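Let's start with one chain on its own, the form predicted on its own, as C-alpha cells.
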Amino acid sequence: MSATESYTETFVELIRRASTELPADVLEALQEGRAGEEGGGLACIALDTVLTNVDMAREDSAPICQDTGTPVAWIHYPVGVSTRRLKEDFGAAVREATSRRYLRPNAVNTLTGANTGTGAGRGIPFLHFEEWDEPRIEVRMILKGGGSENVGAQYKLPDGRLGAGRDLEGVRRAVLDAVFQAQGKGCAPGVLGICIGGDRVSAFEETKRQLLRPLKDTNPAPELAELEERLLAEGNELGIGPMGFGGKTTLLAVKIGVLDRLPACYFVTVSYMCWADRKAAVSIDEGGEVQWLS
C-alpha cells in the first residue's frame, strides 16, 4: 500500500459489480418471493419482470435500475493509509463509472438544478472511514436509490397517533407504519434497515449500515432477532406486494441495529431499500491483491 498507489480502477469495478450484478442472497429472496405468489397475478408478473431484468443486467453488464442511486461506502483502512487519497480515488471512480455508464449522472446542484454531469457532487459519493488493525483495506458499498430513499422515515417515541411507547412494541408499530405509508412507492419488495436510538444523524447512518448484512443472517441479540422475524412476517401480511400491486411479498428482510440515546430522545429510524438491493465489497491486501467479498 504505497503512498502513490491508486485504487481507482478497483473501485470502478466495485461500482460495476454493485450496479449490474444483484447479490446472490437478494436474487434468492426474490426467487422465493416469486414462488410464493399466485401464478398469473400482478405480483407474479411484477416479480417475473424484475427477475428477467436482473438476468439482462448481469449478461449485458448494464445497470439493474435506471436510478443507479447514491454510492454509500464504508471504508476500513490500516494505520498509515491516507483517507484523503482514498476519497480522491473513490470520487475518481464514481466519475469514471459514470462515463462508462455503470452509473447514471445522478448528482444535481440543489440550488441551481444543474446536473454536474459526472455522477459526483457535494456529498456524492458518501463515504465513512474507520481505521482498524487489519493490514488491508476493505470497502463495503451500497447504491441507494432515490425512490426508496424518499420513503425512509424517522419516528420520535412515544407517538400517540400510533399508540407507540418507548419499547420494542412501540418500535414494531412505528416500523409497520413506515411500511404501510410507503405502499409501492419504494419499489417493493424491499429490505428495511432500522436503527433504534441514536440521534437524528447517527441513526440514519446506522440504518444504511444494517443494509450491508446478508439477508438471511441472524441478529446476535435474541430480542432483535425475534423482532426482525416478526416484522418480516407482519410486513408481508399487509398485502402491499411487489410494486404495490398486492401480494405476499412486500419485504425481503428486516435488519435492526441499536445505538445508545439521550434520555430525552427515543428515535426509530427506517431506511427502505428497494428490490434492487445493490451492494458489493472488496478487500485489498498489503501487496495490492484484490479479493471480492460477498
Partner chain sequence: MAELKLPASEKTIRDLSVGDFVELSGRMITGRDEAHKWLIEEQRDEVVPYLKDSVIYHCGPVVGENEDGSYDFVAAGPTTSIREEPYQADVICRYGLRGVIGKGGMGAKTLDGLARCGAVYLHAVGGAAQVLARAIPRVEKVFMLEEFGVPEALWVIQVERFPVMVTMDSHGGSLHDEVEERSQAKLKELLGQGA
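Computed from a prediction, not measured in an experiment: that's the story for all the values here. Numbering follows the first chain given and starts at 1.
Below: the form predicted in complex with its partner chain, not depicted.
Trainee: Within 4.5 Å of its partner chain in the model of the complex, counting heavy atoms only, one of 191-199, 159-167, 216-224, 118-126 shows up; tell me which.
Mentor: Selected range: 159-167.
Trainee: Should T83 be classed as touching its partner chain in the model of the complex when contacts are defined as heavy atoms within 4.5 Å?
Mentor: T83: no, not in contact with its partner chain in the model of the complex.
Trainee: V258 near its partner chain in the model of the complex, any heavy atom under 4.5 Å?
Mentor: Flag for V258 set to no.
Trainee: Is it the case that G147, even though its partner is missing from this view, gets within 4.5 Å of its partner chain in the model of the complex, heavy atoms only?
Mentor: G147: yes, in contact with its partner chain in the model of the complex.
Trainee: Contact between R101 and its partner chain in the model of the complex at 4.5 Å, heavy atoms?
Mentor: Looking in the model of the complex, residue contacts with its partner chain include R101, since a heavy atom lies within 4.5 Å.
Trainee: Can you work out whether its partner chain is within 4.5 angstroms of a heavy atom in all three of L252, K279 and Q291 in the model of the complex?
Mentor: No: no residue has a heavy atom within 4.5 Å of the partner.
Trainee: From the list A203, C187, I142, V139, which entry has a heavy atom within 4.5 Å of its partner chain in the model of the complex?
Mentor: Only one option qualifies, and that one is C187.
Trainee: Which of the residues spanning 229-249 lie within 4.5 Å of its partner chain in the model of the complex, based on heavy atoms?
Mentor: The stretch 229-249, when checked against its partner chain in the model of the complex, contributes E234, E237, L238, G239, I240, M243, G244, F245, G246 at the 4.5 Å heavy-atom cut-off.
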